[in-house]
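Given as structure tokens, the chain that follows is alone and in the form predicted on its own.
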């Protein structure tokens, strides 16, 4: 956990006081909604379909138990008793009253949580692997560098009014759990031939109306140059990015139009002017930031303790959950536990205040008081002793967050859609709920293997449908809700965009279409362990297209 200092706290206190005055002036009529809009956006406040929505930043997806309890308090006191975890490792509250927003933000500030830079044309919440600091395959803890970037780019005067919103993600593991290649800047930590640690720099990724997978412009950037190089990218974007057309304002359009090589040359020219200046990161600076993170005081434990082996043999449900939701930890005798926020018939990513309080208590008891948020809209307890797994499972099962469907067909990513969002064309949540019902049979889900369904209610792609193994995009036709269907996308280290199957299908038929696609997969796969994505890569989309549209 990163330990915030007095400067962080003073910044939040000042922002709360400023926003309280702005809200008072809006309520009195001194400010119109148009005048209030840029002020509220600076604090993560949106005006949605029915009410104001507060988006709260969870830097690099890491929460302490007191912070999670405060999120529960805000959900219970100011909202309707729940919050929605997003693909950007944030949480959203959809029903807070305008006159109570300053109090809610003040309460969040008490534990170092805020909504700054979760909206607007600035650098948004910087994200990383939800297993960071615990993953056995990572080189270093990427959160240290995410924090360096957070400190430098929060309220940075030069980058507070970019041509468009800007998203940065980092990973330090061989397997990309942070989807870095569909971000404006993606940073992959790795070692070069000399054994030095640095970053591959990927730019121009992004989804939405015009999706692109990012391009590498620097295969190896030394750690000392991280800040200066990122600043050079932002300067080039600020200078050349489109401001005359909101649909062409993202950096992905600039990289596409200039070409990655030409864009990289512009960045290189800008970077050479600043790389040896005050932005150069020496070892002492990196060590200082690293020293502000607290790490668990691990006990010396052995893997596969007796308690775990016995529980696996005597309880099949526990053994199933263990195989699905528990991953290896870099520390012997410990494990990483994913909590599924995708129960049958519920909105993906939602957690009630009571669940958040209980998870915070379990984090204190079993995970050194630490919780993570993943971009798949699930939570993680990153440091659990293996001998505690049976007891933890029983507690999670009682809370409804131990469904063993992580990474399976019912672990659906979905945006709030037309139930909340004024931009949406269709409802996303009811589709997700129906699909979880249709694939409630966990033995079938396990037989299907790894299969990601992503749902977006509009072209803005908050549900990341372009990179779903099955992607569903809501569109409007003559006032009716339809969905375009794509297959074959992925967001990992081999990121790629899905291929559109054909004409959009009516809202009422979309769950049937998904079932048809799954049925085709079962017929087409060569062996039981060939996952959906590999089948699509082998046979192409035509056999799936024929199955879906044969009777439509």
Partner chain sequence: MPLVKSGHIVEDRFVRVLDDEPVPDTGSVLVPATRFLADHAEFAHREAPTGVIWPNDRPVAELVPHLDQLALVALVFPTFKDGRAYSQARLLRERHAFRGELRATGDVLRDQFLYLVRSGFDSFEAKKTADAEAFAQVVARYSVFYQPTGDGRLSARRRRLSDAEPGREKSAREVAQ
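Quantities reported herein were computed from a predicted structural model and do not represent experimental measurements. Positions refer to the first chain, counted from 1.
Only in words, not in the display: the form predicted in complex with its partner chain, which the text now covers.
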property: Residue among 391, 279, 399, 260 with a heavy atom within 4.5 Å of its partner chain in the predicted complex; result: 279
property: Proximity to its partner chain in the predicted complex, single hit among 270, 225, 141, 370 (heavy atom within 4.5 Å); result: 270
property: Site test, 152, 243 and 274 vs its partner chain in the predicted complex, non-hydrogen atom cutoff 4.5 Å; result: yes
property: Which of 494 to 502, 64 to 72, 28 to 36, 515 to 523 lines the interface with its partner chain in the predicted complex (heavy atom within 4.5 Å); result: 28 to 36
property: Its partner chain contact at residue 327 in the predicted complex, heavy atom, 4.5 Å; result: no
property: Its partner chain contact in the predicted complex: residue 542, any heavy atom under 4.5 Å; result: no
property: Distance check, residue 158 to its partner chain in the predicted complex, heavy atom within 4.5 Å; result: yes
property: Interface membership of residue 231, its partner chain in the predicted complex, 4.5 Å heavy atom rule; result: yes
property: Any residue of 237 to 251 that, in the predicted complex, places a heavy atom within 4.5 Å of its partner chain; result: 238, 239, 243
